[in-house]
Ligand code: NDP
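Okay, so here's just one chain, in structure tokens, the form predicted on its own.
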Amino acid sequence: MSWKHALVTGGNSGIGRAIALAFANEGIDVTICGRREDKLAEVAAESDLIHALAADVTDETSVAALYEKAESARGPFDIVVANAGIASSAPAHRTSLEEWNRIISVNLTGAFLTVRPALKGMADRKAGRIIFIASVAGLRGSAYVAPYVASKHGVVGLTRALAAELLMTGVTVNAICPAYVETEMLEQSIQRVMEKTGRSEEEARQGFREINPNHRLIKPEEVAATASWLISDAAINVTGQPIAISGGS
């Protein structure tokens, strides 16, 4: 299948950047979006095929404007990667409703708003790839991150629902579920651990390594390689699947 245009949200760093570069290396025009225009511009400067647009995935109007501008310039999206996400850490009884809503809004509602405008067109064209970047937290429980776990379980459920809905259309819908990845989000988590526990940076980092079953952090490029496989002809019969990249069970 020859794909021409992909959307990658949260494309200004980490997993989103790695996926955008991987797709661009395959000759695909990639529109990346996020809120930080300076960081988006840095990623876009790495390839002539990467195009940056600022957008807020939690805002329906902002997403609609993104689609209108990007698709009028480079054609409809053949691939949509809903990658934008945030996390925080606190015991559930200390988690405010405001914080709960903030996490759900970006990670789950934002994922839905990201892909919804592409669904009908992909189905009509009988071709398309939708990839959600979820988490192993969408496959199991983790303490002190209840909103994040709930949001990622929701993304896995959304993946399965859309896959069932689009089953006969030639459109596949899958979720990639990494464990801890070497990203800016992980660096923020390391800083929170340092502040709360007094651990050194290396001690905090080692703690996250040890949570992954094989005691190593995942590289963004490993997630990008899975995304590249999911858009290949080899994965035409893979849909509705949460694919763990976890270093073990």
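Numbers follow the displayed sequence, beginning with 1. Predicted model only: the values in this text are computed from it and were never measured.
The form predicted in complex with this ligand is left out here; the points below concern that form.
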property	result
A90: touches this ligand in the model of the complex, heavy atom cutoff 4.5 angstroms	no
4.5 Å heavy atom contact, E184 to this ligand in the model of the complex	yes
Partner contact for A118 in the model of the complex: this ligand, 4.5 angstroms, heavy atom	no
Contact test in the model of the complex: E222 vs this ligand, heavy atoms, 4.5 Å	no
Among 44-52, 65-73, 31-39, 192-200, the region lying within 4.5 Å of this ligand in the model of the complex by heavy atom distance	31-39
Single option in L113, L162, V106, V156 placed near this ligand in the model of the complex, where near means a heavy atom within 4.5 Å	V106
Partner-contacting position among V145, A179, L166, A127 - heavy atom within 4.5 Å of this ligand in the model of the complex	A179
